[in-house]
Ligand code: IPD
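Just the one chain here, laid out as structure tokens, in the form predicted alone.
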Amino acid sequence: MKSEMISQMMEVARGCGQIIRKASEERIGADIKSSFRDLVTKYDVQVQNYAIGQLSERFPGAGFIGEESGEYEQAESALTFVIDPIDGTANFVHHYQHSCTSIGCIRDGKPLAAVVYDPFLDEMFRAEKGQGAYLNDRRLRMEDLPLSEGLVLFGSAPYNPELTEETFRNLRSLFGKCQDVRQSGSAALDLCYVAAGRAALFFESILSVWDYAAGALIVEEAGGRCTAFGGNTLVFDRPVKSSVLAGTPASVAESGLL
């Protein structure tokens, strides 16, 4: 059974997905934010505005943390929505169809509900605290795979070149322990793929809260673990950056990143 909250969030995510799919049929221009690797399109802004508008109507008084324009609106109610309108913008720009909309709902600093929608595969990942995680209508229950029996997904932290050496040092170590490695360009989908059992582990040296706010809950509700490097607790209720390590309990323990 889905709650009314998660049903509403799913409807909003599907609306975002319609914008993304329609835009993907066109030539997509991009502007540069912090570096030539950090891209933004008019559609990122359009999708975020749509999501905030829709959620504001459905959840009056809610606060928002959104990727574009560093938007942070303090909640009048107990709820804050953390939104990445298009996670995988570089993929989107290059018509490499692996992008999603990620919406996490936070209450009292902790994840309460989450949806991540891939409009290209029509895959809706969702979770509610204490109610499990789902891919469309299928319950997700992670097998506790060791690294030797799974794939490792990683993010290259492309906006932070000072972390490149650390990232690939960690990748080299993990490559020696796992079946193979993959890099997709969407942290939110990587987290969901871990929850779905498609990989045993995901790591990235630095991510923003909108990259992991939804995916972290989906991993944990599927039976996995999601933390910062060193085992530090992730922060969800303000615009922060953090390392992220997620996977089966066994693979996280074996990773060498705790």
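Residues carry their position along the shown sequence, with the first being 1. Keep in mind it's a predicted model, so treat the numbers as computed, not measured.
Not on display, but discussed next: the form predicted together with the ligand.
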For this session: Heavy atom within 4.5 Å of the ligand in the predicted bound form: which of Ile28, Ile206, Ala196, Ile52 fits that? Just give me the one.
Result: Ile206
Exercise. Taking the partner as it appears in the predicted bound form, which of 132-140, 166-174, 84-92, 114-122 has residues with heavy atoms within 4.5 Å of the ligand?
Worked result: 84-92
For this session: Check whether Tyr96 has any heavy atom within 4.5 Å of a heavy atom of the ligand in the predicted bound form, and answer yes or no.
Result: no
Exercise. Is there any non-hydrogen atom of Ala187 lying within 4.5 Å of the ligand in the predicted bound form?
Worked result: yes
Problem set entry | Partner contact for Pro158 in the predicted bound form: the ligand, 4.5 angstroms, heavy atom | yes
For this session: May I ask you to state whether Asp211 is within 4.5 Å of the ligand in the predicted bound form, using heavy atom distances?
Result: yes
